[in-house]
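What follows are structure tokens for two forms of the same protein chain, given separately as structure 1 and structure 2.
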Structure 1
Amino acid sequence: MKEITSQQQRVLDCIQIYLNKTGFPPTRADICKELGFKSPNSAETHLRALEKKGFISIEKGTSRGISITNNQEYPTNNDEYPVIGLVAAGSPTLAEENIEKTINCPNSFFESNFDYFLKVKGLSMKDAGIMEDDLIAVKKTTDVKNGDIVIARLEDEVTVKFFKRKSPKIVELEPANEEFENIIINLEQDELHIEGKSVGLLRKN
């Protein structure tokens, strides 16, 4: 692995901190805001250098398609976490039949503790940097706020979307892809179960 400059290290640290705090990668504009760059071109230059040196990968066609590929500096005290694939209709998310495998992950890898990984299906969240087959680190909780990326169950379907409470009775689940429509739930008529929220992301390269 090639060495990086101090500015490139700042950008790399910014990406990791943003991932830890929000569960998804920053945009070029976010990096500029955090590090005081005057132009997105400055962020882009450092990102391309980091990609060339093998520290990150950049997914084309999405503003948040940045993932870190080198995590050697992070702690190695690992825990086993289940990876949930396609959730069988009517079964609890963590039911044995839904667990594809378990993987080791440093238990302090993300800023928040978490309970399992969910394997992403489809591209409804691609503009949030979440691509098909990515692994979302899920913290089991019903304590969510507007803007959180939540894992929600609607009848027998589990979906990953941004959470927006429009009123005490109305919740919108918002994709991060203009090709998909918002899901509007009237809580007086429909059942919505929040299974947890995303606190981080892993991408297998």
Structure 2
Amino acid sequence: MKEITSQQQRVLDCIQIYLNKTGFPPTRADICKELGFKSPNSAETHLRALEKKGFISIEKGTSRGISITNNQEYPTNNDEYPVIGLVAAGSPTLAEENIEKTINCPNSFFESNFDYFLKVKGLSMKDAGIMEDDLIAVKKTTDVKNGDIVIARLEDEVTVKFFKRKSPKIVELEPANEEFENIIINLEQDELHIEGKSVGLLRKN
């Protein structure tokens, strides 16, 4: 799948919105009307480009013969995802993976695929909109960037914080709540294990 341009994205979005609204794909003229083009060939060339890049397929000689390609790298199936609870509050402890229950969820639900839900205890990330009992969709990975919300383990304690690398040896775990303090880790002295990062959040009222 090659890169999409911003205009091609607009056309692709237009097709999707038209489909949602009407139940059938747009004509070239419909796209022009929607996006302000004055020639049907403007739509045509964009469609050809989108087809070439694999985002849509076009049935030749067929009116409205556009279909959006299921570009799923991850298939659109549902899966059972375990819900793992953090045991303690404040600086929470996991001890062992404790599956409370499972949730059936499309596996392409979030931007990235993920491995389990983590049930949040405490309010250390409340200013990031993460509240008690929220379910964080966690992708198991050690590839984290500054600003990512990470699930980190320090010995037996598991915590959810913003990740910030200060220097090659110093990592800071930053809460989103002024009542909590930053955790500063010197990697030469302490062992930090990144369990994964948040790729989404689920709350059930």
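Numbers given to residues start at 1 and step along the sequence of structure 1. The term rigid core refers to the maximal set of C-alpha atoms that superpose within 1.5 Å between the two forms. None of the values given here were measured: they were computed from a predicted structure.
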Structure number of the form predicted alone: 1
Per-residue C-alpha change between structure 1 and structure 2, residue 30, threshold 2 Å, rigid core fit: yes
CA of residue 9, rigid core aligned, shift of 2 Å or more between structure 1 and structure 2: yes
Exceeds or equals 2 Å, Cα of residue 182 between structure 1 and structure 2, core fit: no
Core-fitted comparison between structure 1 and structure 2 - CA shift at residue 58, Å: 42.7
